[in-house]
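One chain comes next, on its own, written as structure tokens: the form predicted on its own.
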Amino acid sequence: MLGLLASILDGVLIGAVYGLAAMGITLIWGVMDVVNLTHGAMIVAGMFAAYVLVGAAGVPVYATLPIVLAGGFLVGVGLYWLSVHRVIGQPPLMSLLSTFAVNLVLVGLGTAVWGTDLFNVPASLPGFSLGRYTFPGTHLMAALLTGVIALALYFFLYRTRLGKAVRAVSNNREAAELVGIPTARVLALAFGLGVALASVAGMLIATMFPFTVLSGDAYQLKSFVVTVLGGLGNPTGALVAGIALGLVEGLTTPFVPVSWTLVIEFILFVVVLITVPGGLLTLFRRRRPA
């Protein structure tokens, strides 16, 4: 019983980081109706940014977070103007093909530079013990930083002028333009924020697990699952759904082979997509009286 509890708690900690990664993709999806297929590559970019900053530049591992955040934002804005701006308002397939092409280029460049070898970012923090089980300090720190970033994003979206502009463009782009909001710049801002969140999630994942240039695909798939579970365009729902996904992993890992975990997650994905297409959080919303 204690082992199962430990597995569940560790799954929840890791799930919080899944939620952070998904917050990036759901922000972009919700604001501009674009499925960003460079998401996995940006997660990997955050991993390798941390690897280079820690290994080559000697930056303390958690001090790389603001650097990765700022760098991810700038890269995201550049990617928006390069591959997304021209296909906004076009059929969804156009943005899929555009971001997929950029993803292939990024993965190809990464493979040419680093190959497919396994890398890790050296990070060590005191853990928390529960009986004979110890939770790594890196997992606790990653979950804590995820909570801080989620609160900062909530404050930005609901308490700042720019954040309100992002929500206005998300709700009605034409009306936002009519009241003078520069929608193209706001979309670039939203895309940059989404990529920055993905990069930071990659940096935090790198402190917990080894990675390769090709690791982004698995985390991108998890991000799509979390996005559907939490509801499209709902960053708060993405965080809650990420924790729920980690809970599922923690519950199943002691009983089934690890290779079956992704199968179970996609079964859950399909069930939610069919039964609750608006996301799990819609189950808890009060129905308005007729």
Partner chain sequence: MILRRPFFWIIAAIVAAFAIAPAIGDNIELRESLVLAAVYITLASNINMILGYAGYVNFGSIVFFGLGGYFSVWLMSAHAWPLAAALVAGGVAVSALALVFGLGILRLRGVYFALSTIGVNEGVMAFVANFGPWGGSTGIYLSPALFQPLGGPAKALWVIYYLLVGIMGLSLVLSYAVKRSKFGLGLLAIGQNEDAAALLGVPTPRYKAIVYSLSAFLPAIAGGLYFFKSAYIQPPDAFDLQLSTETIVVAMLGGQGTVAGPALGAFLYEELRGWLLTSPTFSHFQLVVAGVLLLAIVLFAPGGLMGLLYRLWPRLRSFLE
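Positions refer to the first chain, counted from 1. As the structure is a prediction and not an experimental result, all values here were calculated from the model.
The following text describes the form predicted together with its partner chain, which does not appear among the structures shown.
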Note which of Phe119, Phe100, Phe135, Phe156 lies within 4.5 Å of its partner chain in the predicted bound form, where distance is taken over heavy atoms; exactly one does. Phe100
Which residue among Ala70, Val52, Val263, Leu251 has a heavy atom within 4.5 angstroms of its partner chain in the predicted bound form? Val263
Can you check 185-193, 121-129, 80-88, 203-211 and let me know which stretch has heavy atoms within 4.5 Å of its partner chain in the predicted bound form? 80-88
Joint contact, Leu104, Val107 and Val228 to its partner chain in the predicted bound form, by non-hydrogen atom at 4.5 Å: yes
Going by a heavy atom distance of 4.5 Å, is Leu281 a contact of its partner chain in the predicted bound form? no
Contact between Gly180 and its partner chain in the predicted bound form at 4.5 Å, heavy atoms? no
In the predicted bound form, does Ala152 come within 4.5 Å of its partner chain, counting heavy atoms only? no
Can you work out whether Val35 and its partner chain are in contact in the predicted bound form, taking contact to mean some heavy atom pair no more than 4.5 Å apart? yes
